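The form predicted alone is given below as one chain in structure tokens.
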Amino acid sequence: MRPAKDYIVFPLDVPSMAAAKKYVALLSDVVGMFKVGLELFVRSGPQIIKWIKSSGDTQVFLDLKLHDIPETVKRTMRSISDLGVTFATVHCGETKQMLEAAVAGSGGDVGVLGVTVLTSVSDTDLHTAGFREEFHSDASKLVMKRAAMAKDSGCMGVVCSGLEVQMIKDAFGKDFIGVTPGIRPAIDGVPDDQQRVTTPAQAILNGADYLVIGRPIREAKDPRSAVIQITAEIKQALKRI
């Protein structure tokens, strides 16, 4: 069984390398992976990934959510594959060809994750965006459709909410990775813009392989203690599996 801490992905959603280094130093021994997103990557570039990898054994998840014509996505993923990250993301929007291009560009050196529907998106948002009733009345149906496309394209897994990960595991198998943002511990009271959320325990029981947990840790008075509390919740859930 994997250690409970290895389920935790902490997103370095900070504006500078200095701020990122502070969290890496503080949390590198209590989380399994650091996620580098658009804000930090635009500010710091590949240097932040090299620094994290040189600072210990914690893995890196590059979350750029690629979304472009297939050839551009393929070439970009080829460049990402040289950085030594564990996962990289591509949107599941529009075409299967874009996902296939991402997988081809990865060369098997980075796990490609398809982003299904952002956890900040509600059924009302899907309605406003023009999706037909089948999908805007139940976002999980759109998630499943996009997860199927990701699976057929050769992606290693998908990013989805903890509400949908069990359906994805049941449909596509235990080896198809489920990464779940929108994780909010039962003790958490931090208001935010996430819509489709679950607790760490529920996400684990639903089959999640990785939990992306940002604000509940970052905005805690003692981020390290917050991680330790979350880890204890994950351990209890793992005992129930």
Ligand code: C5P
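Predicted model, so just to flag it, every value in this text is computed and none were measured. From 1 onward, residues are counted along the sequence shown.
Note that the form predicted together with cytidine-5'-monophosphate isn't included here; everything after this is about it.
Any of the heavy atoms of Ala203 lying within 4.5 Å of cytidine-5'-monophosphate in the predicted complex? Close contact is absent here: in the predicted complex, Ala203 is far from cytidine-5'-monophosphate, nothing within 4.5 Å, heavy atoms only.
Partner contact for Gly178 in the predicted complex: cytidine-5'-monophosphate, 4.5 angstroms, heavy atom: Close contact is absent here: in the predicted complex, Gly178 is far from cytidine-5'-monophosphate, nothing within 4.5 Å, heavy atoms only.
Can you check whether Lys53 is within 4.5 Å of cytidine-5'-monophosphate in the predicted complex, heavy atom basis? No, no contact at 4.5 Å.
Answer for Val30 alone: is it within 4.5 Å of cytidine-5'-monophosphate in the predicted complex, judged on heavy atom distances? Looking in the predicted complex, residue contacts with cytidine-5'-monophosphate do not include Val30, since no heavy atom lies within 4.5 Å.
Looking at cytidine-5'-monophosphate in the predicted complex, do all three of Lys74, Ser106 and Cys155 come within 4.5 Å of it through at least one heavy atom? Checking in the predicted complex: none of Lys74, Ser106 and Cys155 is within 4.5 Å of cytidine-5'-monophosphate.
Could you tell me which of 94-102, 146-154, 80-88, 111-119 sits within 4.5 Å of cytidine-5'-monophosphate in the predicted complex, going by non-hydrogen atoms? Heavy-atom contact with the partner occurs in 111-119.
Pick out the residues of 60-78 whose heavy atoms come within 4.5 Å of cytidine-5'-monophosphate in the predicted complex. Contacting residues: Asp63, Lys65.
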